[in-house]
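Here you get one chain, nothing else, as structure tokens; it is the form predicted on its own.
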């Protein structure tokens, strides 16, 4: 029997959702200040309106939903998914007011893409949007990479009770770096801000060497770092990182987005002196193997197409896009349509495979995740060993992820369910693209890119794409970032409100 939620259940959800929306409003202070510094008065007004809307909704929900009921798992999952959806609706307001999008759906598309660190965009005339609006794009993707729940846990929550963990895990993060999740959330920001200082400095110096003015070099260094470390894919120019035409800049980007694709717990292990974790961890090993395989497939495709006759551009272009896709960053150094007209289907399939797998769990990256691929592989090997061994033999597998673990049936079942869900979503989103009139490989490339939160595009994503397909991509980005469970919990909650007893 399905129970209908009580009024107190709704108050718990409203209370914590209000806190998280308030955190989203506080993020708008950064683009607001940027707009004021550069005398972009219209943009400043847009963000002033957006900030007031977030504060009104955030404080309003907290005032209307006072309760002492304990936060439980079912509440936490609903809060996470509802907060992300509400943050998208409210965060889209400055985009819509800017006049650089054709409608509110396009504005929501870009905000969801930013928060989920996808990097696809529908904003028009990107090369001429204001500094304040660009700052908002990168604040969204940087905050989304760490998680808006992590932001709230860092700044707005004082409690350390067990209920808070359900908010943290609802965003797809389960590894605790420290004894409680509030301390863990703050440590994630310590790691991220440490990389922010280092990466922004390196990219700013590189931009200065390319001839940019100091203020512009700093902004580009900051923004590109945010897009790279969050594996978000947003760039300040429409030509993405190809705009810089710099091998040094590309190498710096690779270092940063590979770092962003690592599990935060691995970062913490290295920071605390256990550098061997990088070598032992099953996810980093899996990443090295699958990166090699997909790079090989892409290279074979490019060799057949004969696009790059010289070795340096061949390696530079192919490796950059493969690793960008595998870390689900979405930075590109080729024109979008060149993937279709020059690279061809086999090379594109290599990139698609990299995007499907993705990088590490509990990182800023999307995709199925390396640990799931490793567990599925070990499960197949274990079954083969079991088949070939005597019936009395006890067969078990172990793997190292922060500590030595035994492969259990419950873990395998959970991994298989999420993997099947991802593959099903990829198939459905691809089908939606084909039904919208796009070729199969094009639909698969951009559909997988959206669902795996990558952001690479072969030119399908544009303001002129059908509104229904835009909506499907928004849903796919949301489902992929939440890894299904929190979104399904929200749908189940709404169903219980209607059909519960």
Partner chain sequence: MRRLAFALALTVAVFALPASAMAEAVSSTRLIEAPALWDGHSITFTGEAIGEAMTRGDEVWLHLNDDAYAGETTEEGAALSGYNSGQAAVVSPELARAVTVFGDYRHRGDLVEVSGTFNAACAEHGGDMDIHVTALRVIRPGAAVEDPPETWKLALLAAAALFAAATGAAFAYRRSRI
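Just so you know, these numbers come straight off a predicted model, no measurement behind them. Positions refer to the first chain, counted from 1.
The form predicted together with the partner chain exists for this protein as well; it is not shown, and the discussion that follows is about that form.
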For this session: Would you point out which of 432-440, 447-455, 471-479, 58-66 contains residues with a non-hydrogen atom within 4.5 Å of the partner chain in the predicted bound form?
Result: 58-66
Exercise. If you check 307, 357, 148, 371 against the partner chain in the predicted bound form, which one has a heavy atom within 4.5 Å?
Worked result: 307
Problem set entry | Proximity to the partner chain in the predicted bound form, single hit among 104, 218, 189, 335 (heavy atom within 4.5 Å) | 335
Exercise. Does the partner chain come within 4.5 Å of a heavy atom in each of 129, 210 and 463 in the predicted bound form?
Worked result: yes
Exercise. Would residue 404 count as a contact of the partner chain in the predicted bound form, using a 4.5 angstroms cut-off between non-hydrogen atoms?
Worked result: no
Exercise. At the 4.5 Å heavy atom threshold, is residue 281 in contact with the partner chain in the predicted bound form?
Worked result: no
Exercise. With a 4.5 Å heavy atom cut-off, would you call residue 426 a contact of the partner chain in the predicted bound form?
Worked result: no
Exercise. So in the predicted bound form, does residue 245 come within 4.5 Å of the partner chain, heavy atom to heavy atom?
Worked result: yes
For this session: Output the sequence-ordered list of residues from 27-45 with at least one heavy atom within 4.5 Å of the partner chain in the predicted bound form.
Result: 38, 39, 40, 41, 42, 43, 45
